[in-house]
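Take a look at this one chain, the form predicted on its own, written out in structure tokens.
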């Protein structure tokens, strides 16, 4: 009996030790966007009682697993099922109410009538064809029309995660603490709401097409890389001159490892140049402050095995992450600037 008890305690200890910690997983994978307490940031607030008390655990798991293609929410397909469940359990700890059950019941309605109602009541927030509001999450840096950006509904991740019943209840009762008001209070009948649900569900075809286009955009390389025929020092000097010639201000030249290793031990064969056109920067920031991810500009020059390469982030690859079509033109412009600078520095 004593030996059996020891074995039981040992197995329990090993199981507890190996169990994933939802709070740590959330902090690592989710908090940067949704906030450490779930109150939002770049990502939408998920600790709102009106949200947590209206979504099933299955919805949360599918959202983590599938993400929102084309939005800021990535698909966490590298996490195990146990890790995803642990994150959901941690998120669920922010409410004292149990998760509503998952429903597979379908809602029947007239999608054509629902489309008309969507155009009248929903398009202002959720965008044409359910494409979603501009940007994502809560905006701290400047005012927007809405404190929380409305999600995209023509999204394969959302449509796969959300049941018809969840969509219907959200439309009917709204989400307290967000601009999403009750459409029953706004004057829609239950049949009207069923029609809107049918329209939202009909967006699955266009959502699949959008996802396919996004997958094609993934063919755009994440970085622009150019070989230099010159040595490191001459390449850096050529790049400085190219930056000045294109009316950019050279901010500083530094070793890539500066601040990451003890001062004086940086790799002298890895140099990064920081520069900016402040007029362009301010225009881009006015469109969306998230362009700070790649502005001011940076180009890295590295010499390895006698070969010198210049590299810069590819703004075309980044642009699709922002979910703001107004940024497409500045991102394309920055791509041309980077390409021109690297070409001029290596001629």
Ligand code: HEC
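Quick caveat, the model's predicted, so the values are computed rather than measured. Residue numbers count along the first chain shown, from 1.
One more form of this protein exists, namely the form predicted in complex with the ligand; it is left out here, but the text below deals with it.
Original post:
Going by heavy atoms within 4.5 Å, which of 296 to 304, 277 to 285, 41 to 49, 310 to 318 lines up against the ligand in the predicted complex?
Top reply: That would be stretch 41 to 49.
Original post:
Taking 73, 149 and 153 as a possible spot, do all three reach the ligand in the predicted complex with a heavy atom inside 4.5 Å?
Top reply: Yes: 73, 149 and 153 each sit within 4.5 Å of the ligand in the predicted complex.
Original post:
Pick from 270, 103, 202, 124: which has a non-hydrogen atom within 4.5 Å of the ligand in the predicted complex?
Top reply: The option sitting close enough to the partner is 124.
Subject >> Contacting member of 207, 224, 87, 198, with respect to the ligand in the predicted complex [4.5 Å, heavy atom] >> reply: In short, 87.
Subject >> Close approach of residue 248 to the ligand in the predicted complex, 4.5 Å, heavy atom >> reply: Judged by the heavy-atom cut-off of 4.5 Å, residue 248 is well away from the ligand in the predicted complex.
Subject >> residue 175: touches the ligand in the predicted complex, heavy atom cutoff 4.5 angstroms >> reply: Output for residue 175 is yes: heavy atoms within 4.5 Å of the ligand.
Original post:
Counting only non-hydrogen atoms and a 4.5 angstroms cut-off, does residue 291 reach the ligand in the predicted complex?
Top reply: Heavy-atom contact with the ligand at 4.5 Å: absent for residue 291.
Subject >> 4.5 Å heavy atom contact, residue 167 and the ligand in the predicted complex >> reply: Although the ligand is absent here, residue 167 would touch it in the predicted complex, with heavy atoms inside 4.5 Å.
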